[in-house]
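This document opens with one chain alone, in structure tokens, the form predicted on its own.
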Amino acid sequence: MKGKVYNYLLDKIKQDGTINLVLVDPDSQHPERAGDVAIAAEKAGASGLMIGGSGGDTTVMDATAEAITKNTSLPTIIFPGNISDITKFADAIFFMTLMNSRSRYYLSMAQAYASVAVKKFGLEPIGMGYVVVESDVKTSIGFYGDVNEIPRYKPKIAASFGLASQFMGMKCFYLEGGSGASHPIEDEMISLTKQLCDIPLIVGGGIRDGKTAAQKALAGADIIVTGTAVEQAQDAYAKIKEINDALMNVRDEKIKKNGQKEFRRE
């Protein structure tokens, strides 16, 4: 069904205020471990799984995605580092444009190469504007994507990319703080972007605990992405539940502070 996963995300955001998507990097764990994380994510109340990385190994991507989809009824969304991350073992794909890349490949060519496979596999494409914000660590996407990083304390630049994404017809906008970053996206950047944009705002990078997740939700994030924190946790279930519980605890305050926007459905 057209827009099934996207509409599901909108319903969850309306219900919960801010939702958590757990990111699984095929390069960081064995497929069996990825399947266990999927089970933990559903049990702990996560809203979905994202899968992707920058390794470029199609075989590993397929095996990981298959292990996840066999172990959960939650939607699985591809978060592609490149066209090699496209797999039939998923429900949808963030069909994204790296908005602050200097490379024509990541601005339009990769999307053209990927489009036929996305259609062939019956994946639901969810158009997404994606930007990488200045980080204290060098990210894989920053290296491969030839990114002109947004200065961390220049919120207007990030917000303008978000608004441009909306005007270009994207369904959501992602502020990326960097995998493994010690500092998450600044609250001011999230808040200004939220004020200007009428599409769901995704925030990831450096969110390692419930307190930080709640803080970013109150700043205006509609979707929190957690990856490294779950990968490194001895108890994936406990870490995901900690983050989800924190988001639910600030639900009413977040909606009161930011309003309850009605996003356009498919």
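Start at 1 with the first residue shown and count on from there. Please read all numbers here as calculations on a predicted model, not as lab measurements.
Absent from the display: the form predicted in complex with a small molecule. The rest refers to it.
Residue Thr228 is the only one of Thr228, Thr58, Ser28, Gln215 with a heavy atom lying within 4.5 Å of the small molecule in the model of the complex. Here is the short version: of Gly35, Gly48, Pro200, Gly206, the single residue with a heavy atom within 4.5 Å of the small molecule in the model of the complex is Gly206.
None of 103 to 111, 169 to 177, 191 to 199, 87 to 95 except one has non-hydrogen atoms within 4.5 angstroms of the small molecule in the model of the complex; the exception is 169 to 177. Contact check for Phe161: no non-hydrogen atom falls within 4.5 Å of the small molecule in the model of the complex. In the model of the complex, the small molecule lies farther than 4.5 Å from every heavy atom of Leu247. Put simply, Leu10 is far from the small molecule in the model of the complex: not one heavy atom of it is within 4.5 Å. At a distance threshold of 4.5 angstroms between non-hydrogen atoms, Leu23 is in contact with the small molecule in the model of the complex.
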